[in-house]
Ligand code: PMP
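Only one chain is included here, represented as structure tokens and corresponding to the form predicted on its own.
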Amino acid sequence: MTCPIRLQKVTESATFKYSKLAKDKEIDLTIGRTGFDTPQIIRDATKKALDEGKVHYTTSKGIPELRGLISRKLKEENKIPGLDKDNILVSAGAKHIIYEAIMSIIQRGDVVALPNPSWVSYESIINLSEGEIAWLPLKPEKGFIPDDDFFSALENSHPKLIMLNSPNNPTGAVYPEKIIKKIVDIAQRNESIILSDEIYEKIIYEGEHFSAGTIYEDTITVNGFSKEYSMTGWRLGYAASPNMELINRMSLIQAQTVSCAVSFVQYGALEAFTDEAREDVTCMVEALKERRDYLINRFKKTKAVIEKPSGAFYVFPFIEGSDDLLFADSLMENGVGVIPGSPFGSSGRGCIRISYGATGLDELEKAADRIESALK
């Protein structure tokens, strides 16, 4: 049977592939989640919703109560204007939101500007839409923060859509406000749409988060509950834009695919906006920062090129002269699961992605010992 063209350039997710391989290893540094539990107040509210029989379809865009809280959060915390609950779309995870956005914007041959390296699913979803990728180079010695080469490539690509992810997966980089404003300037000149994936927004150790949607109306702001509240398996994300045409297109795709996000999960997520839930997040971020600092101090003693990332829960060291695929395989044989950098883009060659989100300091020490030994 002939494979459809839209699938021929789509490959297995490298993160899922290596996470599967690492399941029986002693130390698993592959998974893109934290090891913390969902805040108790959210779990209790979800159980209550189940007991109350809130188990049926909701409106396709999500329950009004949740969309209202998301709208208020984005207006008050992110300073994004022009939003009310009708500008919000709730879906089964931020990944599906990104799929809906790209499929509602991109036609065959349209250019999508994509930082290199980037989260692996961006490339696959763009390929499903039959768009063309313009890669924007990033460099380990610059901490994977956009520089002149990045901006030149972006300017010359004349993209229909620009993908932006800060804090970043796989690098942990947090883009300063001045960098995002430069990206917005280029988007305005090219009449491009920006998709700003802000799923790691609250996991920042230094600096402050800045949303492109604050200053640019043709932005789709994507966020969710997976990383901040340790709810990866709950599958709950959202999109927001003052551009109602974009939200309505995405909503149309949603109605014909997943229908709506899980009902009782939406009701549970109402408690994510409480002080109690946010206190849990603060404690989690403090623990993650301690892990990051430990790994950075260890890597600084090796030949790896690494700048301290300011957010998310990844480090992405560059090991000059190494084949990242072979290096990751050798670590796997030594009981440490990591993900090679190449699947994230050509600028990821020679790098490995280490996720410290679900691993305590004792295990990180063992992993660092083995990685350091391999580097020697």
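Keep in mind the model is a prediction, meaning the values are calculated, not measured. In case it trips you up, residue 1 is the first one in the sequence shown, and so on.
Only in words, not in the display: the form predicted together with the ligand, which the text now covers.
- For the options Asn165, Ser230, Ser157, Asn127, the residue carrying a heavy atom within 4.5 angstroms of the ligand in the predicted complex is Asn165.
- Between the ligand and the residues Ser211, Ser192, Ser71, Ser226, the one pair within 4.5 Å by heavy atoms in the predicted complex involves Ser226.
- The ligand is not shown here, but in the predicted complex it comes within 4.5 Å of a heavy atom of Ala94.
- Residue contact check for Leu89: none of its heavy atoms lie within 4.5 Å of the ligand in the predicted complex.
- Interface membership of Arg235, defined by any non-hydrogen atom within 4.5 Å of the ligand in the predicted complex, is confirmed.
- Not displayed here, the ligand is approached by Ile98 to within 4.5 Å at the level of heavy atoms in the predicted complex.
- Residues with any non-hydrogen atom within 4.5 angstroms of the ligand in the predicted complex fall in just one of 130-138, 252-260, 173-181, 117-125: 117-125.
- Shown here without the ligand, the chain has Ile199, Tyr200 in 199-214 lying with a heavy atom within 4.5 Å of that partner in the predicted complex.
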